[in-house]
Structure formats: structure tokens, C-alpha cells
Ligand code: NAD
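Below you'll find only one chain, the form predicted on its own, shown as C-alpha cells.
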Amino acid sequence: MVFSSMDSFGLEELVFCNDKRTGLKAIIAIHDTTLGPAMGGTRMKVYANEEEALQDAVSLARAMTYKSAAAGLDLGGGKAVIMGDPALSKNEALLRAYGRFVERLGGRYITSVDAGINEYDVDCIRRETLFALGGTAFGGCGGCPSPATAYGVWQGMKACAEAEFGSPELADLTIAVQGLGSVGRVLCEYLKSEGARLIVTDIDINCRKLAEEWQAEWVLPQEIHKVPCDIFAPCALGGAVNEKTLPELVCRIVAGAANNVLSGDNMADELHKKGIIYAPDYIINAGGLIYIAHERTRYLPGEIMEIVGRIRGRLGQILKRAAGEGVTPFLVARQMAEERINAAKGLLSLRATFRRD
């Protein structure tokens, strides 16, 4: 079962982390390190079983490989999942135990924030390892990458709007945002400032107050994908576009911050048949990764955000090439990422190591 999953996803390494004292049960998946050390966040959530946790880790790790490659970063792809309810099981001892497992990998995997793990948790993890980024800001650098992710999605939406409507302006467009977490709510602020009409939802009913502040329409979580809109923006967990929701979509564009928006690769073809533009998730939501990757460089935060803003041009090129070739943006994005990875295989690496200074 394990090796078959590794083969099907092209994984290099799987690490199962078990610490009986703290109750830690985690899986670290390293997909590809051709371009550099694997980077990807750590997710903590309740899984139905170990198989579900494993599948989540390996599929997300592969997506991180494509995300890093497409963004032009000298990084590979990895992901980790911690099994457990972050509201009940997360504590200093567990996080530090996990950090020790990350440290043992010697820099082959660099972790960061994800669902259930915030910047304060990363601070705790990096008390045991320096291979953790995205903690609280220091020296004007670092900090939670969620605002950068939101900014990149906003810019990516502009590329999609230009391809579909002939203008990058989002004013007066109706945008349905699924998920008002740390990324979704910042994205909504950007969209509201531009004059977009918002329809929003979240499983946390308290987020309804945000809808009132934005003068946005609130709908139930199970209804958000059904509402007529110009852009559907999944910003929660993955699988928002699946065999059940696909026939119910009433939008022109799917562009959001969630990872693995599609339940399967075939969903890209089905969206294409319906005439719906799909912004590949690992292209449009790469802002957080880009921001974290530059945390220990000499770039200033504003300069890093300018680099994040290049997502708009990158996605615009993908959409243009896809339209010209009559294929899906999903296919073009994957081809571009794989072309970069394959070009580097077999070459003597000149990349700098992840330094501990």
C-alpha cells in the first residue's frame, strides 16, 4: 500500500513520526528534490484513518513540487500532516517532538504553516529545528504568509478576468468566496477595495459578522458553489470541484487559494468542456510559498510582495498558451513545471544549501 502510493505519486521519501509520550502521529512526504530541498507546510487535522492522512500528505507534496517549479524557485516539494484535532491535541510538547523529526531530515524538508498550524506553532517547532519558516516576523522579515497568498490570488484573478472578460478589473464582478480563514478574509478585503460584489461562506458561523462588514451576501457552506457568479474562489480545504459539485457550478472562472481544488485531474477536462476557466491552484496560490522562500534573503517585505505579484503575468501566459493550443490551463501549468524539473535532472547542482546562519 505504502510503496504503491509512493510509486503512483513519484515520491522520494516518506517519514512516519510516532512519539508515544506526546501522542504525536505525523507523516512527512518528500516528493521531489531535483530543484532543491522540499518545502511545504504542516497540516494538522482529524483524519478518518491513517490511509486518508497518507493520501493527503502525498498528494499535497506533489502539488508543492509543481508549485515551486512553476514559481521559479530552487525548491522541491514536500508536505506533512499531523493526525489530531488542533483545538484539543496541539501543545508545546507535541510540536517540539515534531520539530525534532524535521531536524533529523537534515534540511531535506523545510516546513511552515498550513491548516491547523499557525505562525506561533512554527515558532515552537523551530525551537527544535531551523528548518521551519513562516513563524512570527523578526527583523522586518518573515511572518505569516497568508496575506501574500491572498495577494497572489487577487492578482491571479485579474489575469483570469482579462482572459475571460477582456479586462483585469474586478469591480462589479460577482465573486463567491468559500472559506474565510487567514487567506480568505484578506482576499475579501482586496476584492472589496476594488468594488467586487461578494458572496461568502465559512463553516464558522461567527464569520457572518465579516460578511456584514463587507456588505456581502452570506450563504450556507453547502450552497456556495451553486450560486451564480463570475468567479468561484475555493479558499478552504481541497476537493471543492468534484463529480457532485461540478454539474452545479454556475460560474465563468474557478480561481481560489485552496490546495488541490480538483478532486482529480480529470476535473480540469470537465471544467474545460463546460467553458469554465480554471486557474491551476499551485500557480495562483503560490504567493505564500514565494514569501516564505525569501524569508532568509536580503529582500525587503515590499520587494517580496512585488515578486508575488508576478503570479498575474505567469498565469496570464499560461491562459494564453492554453487558449492557443486548445488545451486546459491545468495541462499547460503541469507541462511547464515538469519541463523545468526534467531540465535540471542529471546536472551538477550549483544551488546554495539551506544555511543555518
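Note that residue numbering follows the sequence shown and begins at 1. Predicted model, so just to flag it, every value in this text is computed and none were measured.
Just so you know, the form predicted in complex with the named molecule exists too; it's not on screen, but the next bit is about it.
Student: On the criterion of a non-hydrogen atom at 4.5 angstroms or closer, are 44, 111 and 132 all touching the named molecule in the predicted bound form?
Tutor: The answer is no; none of 44, 111 and 132 reaches the named molecule.
Student: Contact between residue 86 and the named molecule in the predicted bound form at 4.5 Å, heavy atoms?
Tutor: Residue 86: no, not in contact with the named molecule in the predicted bound form.
Student: Residue 182: heavy atom within 4.5 Å of the named molecule in the predicted bound form?
Tutor: Flag for residue 182 set to yes.
Student: Using heavy atoms and a 4.5 Å limit, would one call residue 258 a contact residue for the named molecule in the predicted bound form?
Tutor: Looking in the predicted bound form, residue contacts with the named molecule include residue 258, since a heavy atom lies within 4.5 Å.
Student: Quick one: does residue 262 come within 4.5 Å of the named molecule in the predicted bound form, counting heavy atoms only?
Tutor: Although the named molecule is absent here, residue 262 would stay clear of it in the predicted bound form, with no heavy atoms inside 4.5 Å.
Student: Of the listed stretches (246 to 254, 123 to 131, 155 to 163, 196 to 204), which one has a non-hydrogen atom within 4.5 Å of the named molecule in the predicted bound form?
Tutor: Stretch 196 to 204 is the one.
Student: Only one of 73, 276, 227, 237 gets a heavy atom within 4.5 Å of the named molecule in the predicted bound form. Which one?
Tutor: Contact with the named molecule in the predicted bound form is made by 237 alone.
Student: Of the options 168, 221, 107, 143, which one has a non-hydrogen atom that comes within 4.5 Å of the named molecule in the predicted bound form?
Tutor: Checking each option against the named molecule in the predicted bound form, the one that comes within 4.5 Å is 221.
Student: Would you mind checking 53 to 88 for residues with a heavy atom within 4.5 Å of the named molecule in the predicted bound form?
Tutor: Contacts from 53 to 88: just 67.
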